[in-house]
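A single chain comes next, written as structure tokens; it is the form predicted alone.
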């Protein structure tokens, strides 16, 4: 693991954005894996600015997102499909037909097979952006008794529901999601994980220094050959 510590979220966003943009410049048909939530937004803002300044084109990339809520229309304001379009896709030149998303309303096994095959057909994910939850989850892989494999339907924990329910002011937050499993995430060639704030400090410690255990899903990243972890000082306080 390569760990970098920064003062601000904007600096983290620039660092992650530079990794993505430089790789895309040299590999214009690369495959990028994206995450939702507040942590990667500064990264997406950096990518947008680089595109607007004519520094990089995303016209030929393919993308895959980590997860999507179940029992929620894709067009809903809180779907991850909508989030990604509002925060990145609508502001760069990526082609809609090259955007890959899990369907949270599809049959679980068929959708898992479809998504895995789509990623493999694209050549695999070159760079996967990750966040980390307070309990050490990555994507919606919650603490459990075993590491997961391919994509699957997961019942969200109460802590995750509590953290995300503030965004659902019109309907109740879904309690299930389709997510990439740990095994599929680990097949990414490079992983860039972003964590900010003191509420993530224990999860970061467990990820970096704890045992590799599905009780802290992010700890599996210790076994990946190319992981860059970008932290602010608050998130890094227990490992400094």
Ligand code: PGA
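Numbering follows the first chain given and starts at 1. From a predicted model like this one, the values you see are computed outputs, not experimental measurements.
The same protein also has a form predicted in complex with this ligand, omitted here; what follows describes it.
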Candidate from 129, 154, 125, 132 lying within 4.5 Å of this ligand in the predicted complex - any heavy atom:
132
Tell me which stretch of 209-217, 55-63, 175-183, 31-39 has a heavy atom within 4.5 angstroms of this ligand in the predicted complex.
31-39
Within 4.5 Å of this ligand in the predicted complex, counting any non-hydrogen atom, which residues from 200-232 show up?
200
